[in-house]
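First, one chain by itself: the form predicted on its own, in structure tokens.
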């Protein structure tokens, strides 16, 4: 089954390009560290998922590129084509000259309806090229105008046009210190609208990725490209082919469906976070040795202590003792900073994955009481190594990891809204105060649901 990627706005287009590059270099690498037969079936599964073959034999990304300014898209198309290893379809992009001016309402209420037909025709064209469509993967930022506003509009259109297809939105959470004065408004409006039409939201926080670049990758002057490459590596570690419990001896054919089935048991809980270890500069890899027990121990502690990277984990945080629990909203025994999960997925890539003990992730005390641990935890594996790492592990988690950032964003947006700051910039494009209030209400409900796990 194939995934159609929809890259929206400057951020979505730059990350999308890095994701296809990472996937392509992983497939081309001779570092698979597995049998030739294994490598070939991995290669085929990946190609079907992300690329279509054309006469030129250069793989063509199954992607639609959308931006309201031409610069980023033209750069992205030409860099991909120059690589010689993959390219975008020259006809699968749409851009305009004017931008959305970091205004969500401009993207959602003006550009969206105006260009809906052209954009949806491009998407339809890509979908028709797939033998079997597995769903849509959209990439966008929440802070600006095009990715967020137009992104929310396009996601709604996808839901209307493809009611039975899976939609996963990859969303970049803005820096806390702020790139845009109205970013909290844009974020609240984006999240509340995506929550209505998307199956799940996979979130990356800029502040976290920036820290990984500085502390783990040892990059001195961090550029957006450095940040995007770390994000692309993490996404590749999830979406490259794996064996699931159900898929048996064949690589799973339906990555988006498998992901939703595994991680989203209830439509109230759609926020997914991603952690990937180890992460280090390429020149350090040759001097590093990793054991599965060590990686799994770190990954589990990152989960329960809500650490976003393997440096600086709080090892004092322990799961609550079972049997002594009172309802969690009044709970006195729930350890401070303990991150309760609804569902977790661990993905292992590299040698000896079959012998890894994942029992510690099946501990009932990690999970909410309304799901059995055997339903709440899944593992996907492949003996093929990923992107030069002999062993690597990723964790996709539906848990309380976003509560604080979400609460902060909603709080800051509400304070601005209470003093009517900048509201006129939205009302002139047709987004009324009522729409803001609906969005606040929807996100307060999400916060409350995750808080009471």
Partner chain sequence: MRRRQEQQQQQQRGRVLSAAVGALCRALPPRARPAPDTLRRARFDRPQASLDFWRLLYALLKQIHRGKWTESDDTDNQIRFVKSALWYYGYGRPELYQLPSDGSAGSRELLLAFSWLLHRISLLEQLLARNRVKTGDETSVCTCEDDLLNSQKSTTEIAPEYELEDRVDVRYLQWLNGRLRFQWQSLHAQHQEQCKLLHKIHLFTSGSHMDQILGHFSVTETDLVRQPENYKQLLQLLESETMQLEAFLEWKQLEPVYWQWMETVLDNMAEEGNMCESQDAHEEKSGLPKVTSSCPWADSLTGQIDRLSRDLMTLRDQLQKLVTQRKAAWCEKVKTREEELQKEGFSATARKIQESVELKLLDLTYLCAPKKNKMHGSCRLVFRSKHPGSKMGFHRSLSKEPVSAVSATEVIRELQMREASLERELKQLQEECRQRLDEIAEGLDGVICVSP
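Just so we're clear, the structure is a prediction, and the values are computed from it rather than from any experiment. Numbering follows the first chain given and starts at 1.
The protein also exists as the form predicted in complex with its partner chain; that form is not presented, and the subsequent description refers to it.
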Q | 11, 225 and 227 each touching its partner chain in the predicted bound form (heavy atom, 4.5 Å) | A | no
Q: Go through 371, 285, 120, 79 and name the one with a heavy atom inside 4.5 Å of its partner chain in the predicted bound form.
A: 371
Q) Which one of 205, 89, 310, 199 is close to its partner chain in the predicted bound form, taking close to mean a heavy atom within 4.5 Å? A) 199
Q: Work out which of the listed stretches, 247-255, 354-362, 295-303, 207-215, brings a heavy atom within 4.5 angstroms of its partner chain in the predicted bound form.
A: 247-255
(Q) Check residue 130 for me: does it contact its partner chain in the predicted bound form (non-hydrogen atoms, 4.5 angstroms)? (A) yes
**Q.** 4.5 angstroms heavy atom contact with its partner chain in the predicted bound form for residue 279
**A.** no
Q | Contact flag, residue 142 vs its partner chain in the predicted bound form, heavy atom cut 4.5 Å | A | no
(Q) Would you classify residue 265 as touching its partner chain in the predicted bound form, given a 4.5 Å non-hydrogen atom cut-off? (A) yes
Q. For 145-167: residues with a non-hydrogen atom within 4.5 angstroms of its partner chain in the predicted bound form?
A. 163, 164, 165, 166
